[in-house]
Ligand SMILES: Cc1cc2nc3c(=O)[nH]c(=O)nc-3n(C[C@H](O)[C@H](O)[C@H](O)COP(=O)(O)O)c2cc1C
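As a starting point, one isolated chain is supplied in structure tokens, in the form predicted alone.
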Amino acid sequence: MKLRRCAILLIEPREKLSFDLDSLLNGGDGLDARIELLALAPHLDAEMLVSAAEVAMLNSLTAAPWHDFEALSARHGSELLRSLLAKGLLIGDDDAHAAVRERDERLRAANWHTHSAVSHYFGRWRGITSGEDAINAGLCTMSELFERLGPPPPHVLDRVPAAERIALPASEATPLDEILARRATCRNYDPAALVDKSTFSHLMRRIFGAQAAYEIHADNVVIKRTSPSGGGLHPTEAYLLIQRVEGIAPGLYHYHPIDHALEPLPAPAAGDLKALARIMVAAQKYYIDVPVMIVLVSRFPRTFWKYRNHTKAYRATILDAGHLSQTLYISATEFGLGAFITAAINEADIEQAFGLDPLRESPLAVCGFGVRGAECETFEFDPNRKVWPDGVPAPA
């Protein structure tokens, strides 16, 4: 058998605190602080506890060429090698290690930068209910946060005294200014209202559709969208959970930007669709009833093909999702609909629901739009009363 180190690996020395009675009895603080070494390898499902000897072994092996197991065993002994193989940090070329090897090879092929891969993969959530947890912990409103955490950093940055600032002239508002003035995150959706099919179609084409497709040469086509994208590569795919759109069956879909069409995907039953929506947005209850929920999924190899192992490549994919979400906000506002975006999502659960490979494609955010409810039951930030002329309930 031959083996090599996995493609991407970071070792984190993490402090672990535990109660120490002897320390307390001898006048200490009663705490025992120990350092654990954790291996962070994105091709694995979890962090791996490793020993200093295992770290030294990993540090002595390269990730590119294959090494002969017997030759390494003769120098280092087989026990460490077999332990690291069992943990998936060493990759074997035999059938017994095929599954781990295949995941490692997919990660290599995607051209991730090491720090970005670790940050993204280990920052993904599964089964988190942050919306409910914040309420239960009393850390939901700005007043609660202020009381528990103290004052936040200043709301604006002053770099010079007020007298030194150069005042800019006033300007007349344009129709776009009026739309932007009404742009506000919607937390109150009509649980019964449908989105008109023609409106839905218009918004999908404007926000996610290809305005043009240009073939530079064979197997190299670039598309034009209404939002910018790093390198003009547009890696962001729109995956939809539709609950209420006129003439479209509730379910899961992928949007095809060139054909301007929905591709139906396997979906749970109607009752389970709302449960999935809840899981997707980490139990933020005010988003669960949105008629159209859109997962912004980045196909990382699309961007990393050009920016290979690049320190800024992952940042470009995040910016891509941000550009699209603002276009969605403006467009939904123009059509009199409410919109939202959230990064508090359960990426791993979404990947499972839509059949995504997290080593190559993964959600960065969830957004959506729909008809606002008649009453503002949940606070929305609308200080200029453009959306709710009669005002909104004050945040508790």
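The first residue of the sequence shown is number 1, and the count goes up from there. No experiment lies behind these values; they were computed from the predicted model shown.
Here the subject shifts to the form predicted together with the named molecule, a form of this protein not shown in this document.
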Worksheet item: Should Ile341 be classed as touching the named molecule in the predicted bound form when contacts are defined as heavy atoms within 4.5 Å?
Response: yes
Practice prompt. Decide whether Arg187 counts as a contact residue for the named molecule in the predicted bound form under a heavy atom distance cut-off of 4.5 Å.
Written response: yes
Worksheet item: Does the named molecule come within 4.5 Å of any heavy atom of Tyr314 in the predicted bound form?
Response: no
Discussion item. Check Gln284 for me: does it contact the named molecule in the predicted bound form (non-hydrogen atoms, 4.5 angstroms)?
Written reply: yes
Fill in: the named molecule: the contacting residue among Lys306, His323, Arg183, His115 in the predicted bound form [heavy atom, 4.5 Å]
Arg183
Worksheet item: For the chain seen here without its partner, which of 354-362, 341-349, 64-72, 45-53 has a heavy atom within 4.5 Å of the named molecule in the predicted bound form?
Response: 341-349
Item to complete: Any residue of 233-266 with a heavy atom within 4.5 Å of the named molecule in the predicted bound form counts; write them all down in order.
Response: none
